[in-house]
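Below, in structure tokens: the form predicted alone, a single chain.
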């Protein structure tokens, strides 16, 4: 798909991976709707890029529908949807104070997993009525953000790893379901990236990371995630897969 002049939606678009993705899509000529929970950050990115900012909590179904309506009124139905919205979930199944706090656990699942599925399903329901484009008859592409914790979940990631593992599991059945309409679904599983969420990574994990046999020996840049997003949009053979973007790192149990 040629990204230029296409309508796009990026959740979590006001920081980290999402912010870099908004910039990359905008510079490639797409019309982007920036969905994020933080009003001030949304305004900043909207002013920086000239794109449409919409305050939205992806765990709120009504808010998601309203945001998609707003984006559609300004830009038409989106053919490109990138889900970057997410929250950390640093907890154990059984910690020092007892079993996991299910209120906190549920919040991680509601945002990371259910929020992503909500945006994806509601966006694709609109995509399938679009006219197909290109030689392949494509109607759209959805790119969800999983994590290497989906495969290398560490002790203390009781909620986060589960939410991201579920997103990896969603990819193939969604791609198969939407194939008849010409809509692709891909997940990216980033490793350690230089984003606001990386500030909570313990020092011992960082020290261990630098000793591992990987290349390059550094955190990924959000722009490198965004470059992969553009590549996936442009190459129709990307479908039904979770792609690790991690420099070859494998996480230790703790």
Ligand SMILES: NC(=O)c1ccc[n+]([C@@H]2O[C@H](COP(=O)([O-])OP(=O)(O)OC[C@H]3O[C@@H](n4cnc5c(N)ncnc54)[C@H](O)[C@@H]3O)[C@@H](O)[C@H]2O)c1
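Because the structure is predicted, anything quoted here is derived from the model rather than measured. Numbering follows the first chain given and starts at 1.
What comes next is about the form predicted in complex with this ligand, which does not appear here.
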| property | result |
| --- | --- |
| The single option of 218, 38, 214, 44 touching this ligand in the predicted complex, heavy atom within 4.5 Å | 38 |
| Heavy atom within 4.5 Å of this ligand in the predicted complex - the one residue of 56, 30, 229, 187 that qualifies | 56 |
| Answer range among 178-186, 97-105, 151-159, 79-87 for contact with this ligand, defined in the predicted complex as heavy atoms within 4.5 Å | 79-87 |
| Contact label in the predicted complex: residue 14 to this ligand, heavy atom within 4.5 Å | yes |
| Contact flag, residue 26 vs this ligand in the predicted complex, heavy atom cut 4.5 Å | no |
| 4.5 Å heavy atom contact, residue 111 to this ligand in the predicted complex | yes |
| Partner proximity in the predicted complex: residue 52 to this ligand, non-hydrogen atom cutoff 4.5 Å | no |
| Residues within 4.5 Å of this ligand in the predicted complex, restricted to 140-157 and counted by heavy atom | 145, 146, 147 |
